[in-house]
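Given next, in structure tokens, is a single chain: the form predicted alone.
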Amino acid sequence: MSVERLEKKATIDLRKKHVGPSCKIFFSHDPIKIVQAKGQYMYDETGQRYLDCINNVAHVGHCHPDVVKAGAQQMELLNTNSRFLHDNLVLYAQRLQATLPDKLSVCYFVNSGSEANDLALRLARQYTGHRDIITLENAYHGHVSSLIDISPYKFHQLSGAELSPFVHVAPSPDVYRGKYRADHPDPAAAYASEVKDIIAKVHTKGRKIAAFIAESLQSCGGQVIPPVGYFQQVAEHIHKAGGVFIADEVQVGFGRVGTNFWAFQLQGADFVPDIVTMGKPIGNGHPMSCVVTTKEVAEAFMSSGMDYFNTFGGNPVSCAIGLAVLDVIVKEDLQGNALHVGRYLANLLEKQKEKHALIGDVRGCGLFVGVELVRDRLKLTPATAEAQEVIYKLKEELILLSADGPHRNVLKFKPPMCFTGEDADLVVEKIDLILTELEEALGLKLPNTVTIENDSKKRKLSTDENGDQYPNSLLHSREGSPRVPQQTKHLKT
């Protein structure tokens, strides 16, 4: 099966030489070289197959033949910029709008989630005439400068970083670890009141709010599911302040949540954002994204007198691919699959929570599921090192999963939508074995200091799969399951 052009070592050497060192890769100590993929599987240069549990970009499955065919056929005919008339653009806009509330009727096509969110900020500021943005704790909205400013997930990683004066951070609506938890009588209202308080403080400084922006479900922030009613109440506060509500669906749209096509719809039919951004799954790996908004916002953007032009946004090939993705979602009932397989996966994981002290919380919707690992369920002490151990061990079992959240202790499931019940069984079976092994090593209970035994073939796990440093990581074997321990090492907890 190998279609590699270079030996793996040569690929690594060239990457180190020519690719920026900030561009991290998974499993940096022993990266995987992927040369082919299909469905929910990825293959390395030796033909080894990995189950992909993390690729929400390959939404309908890697290299789906219908999507590949649509792109290839259109590329044979024409690909040009969107300043020429072309049916694909308007037909795709029509199909996309049909999945959204009627109010959201105007599309701007761009090339990435970052580009979509950057444009959304421009729309909001032009429409309102205001500057300030309210974002959420642990949010991530993209990599361009305007979005790093509103992405605490990123700028909190920078030593000495200062919050921009026009950016204001509200608490993440996390009912497990956040300020207001599941035992609060009305966490939605409490978290929304935090936004209201921020607005009041902004006004005392003579500033005004242009927009509140939130991922409909926080992904990098730890698979956070906001309480129902939160967005409605935030929108009420924002609208009274003259601002707009931006829903970022870049990671969670297109049926992933199962019960609905868009994750913001989980809040109820009475909630409609003013601007919706989307990306990643929209083109199944092809660089494409979109901003959808109201006629009022679009007309205000037009009134600025500045034309908006995007060379590649909405080109005929991208739109042909986008149409094919929508067709596949319907034809293969992938939203239904997300609902049923997602529930099955969540149920399996809930059973593991009953069995494993390390599992503090299981949460999610459809094929967007998080498992938060903790060392103490009462103190919610993040089990960061243990989460990284699970990720590395799963890699040895040919399963690709990631961990994220502010403490890097949340196992993230966001696989291609063709993920099956059998795939869920396999992953959960392996997680069960790995957690059992970890808990035995930790003595099941987690006192202030624990003892872990080690042999000479084990190494200290110093980085997570994204290359981030952890000083007190667990020890991990390069060669499959741990062997009988020989030495003792103490870790602070």
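The structure presented is a predicted model; accordingly, all values stated were derived computationally and were not measured. Note that residue numbering begins at 1 and tracks the sequence as displayed.
Keep in mind the form predicted in complex with a further copy of the same chain is missing from the figure; the text below concerns it.
- Screening E386, E249, E115, D274 for any heavy atom within 4.5 Å of a further copy of the same chain in the predicted bound form leaves a single hit, E115.
- Checking A338, I213, A210, M288 against a further copy of the same chain in the predicted bound form, a heavy atom within 4.5 Å turns up for just one residue: M288.
- Not one of K240, Q265 and I359 comes within 4.5 Å of a further copy of the same chain in the predicted bound form, counting any heavy atom.
- Picking from 313-321, 328-336, 198-206, 183-191 the stretch near a further copy of the same chain in the predicted bound form, with a 4.5 Å limit on heavy atoms, gives 313-321.
- Proximity of V427 to a further copy of the same chain in the predicted bound form: non-hydrogen atoms within 4.5 Å are absent; the residue sits far from the partner.
- Although the partner is absent from this view, G71 contacts a further copy of the same chain in the predicted bound form, with a non-hydrogen atom inside 4.5 angstroms.
- Remark: L78 counts among the residues lining a further copy of the same chain in the predicted bound form, judged by a heavy atom distance of 4.5 Å or less.
- At the 4.5 Å threshold, heavy atoms of H86 reach a further copy of the same chain in the predicted bound form.
- Contacts between 298-321 and a further copy of the same chain, taken as any heavy atom within 4.5 Å in the predicted bound form, involve A298, F301, M302, S304, G305, M306, D307, Y308, F309, N310, T311, F312, N315, S318, A320, I321.
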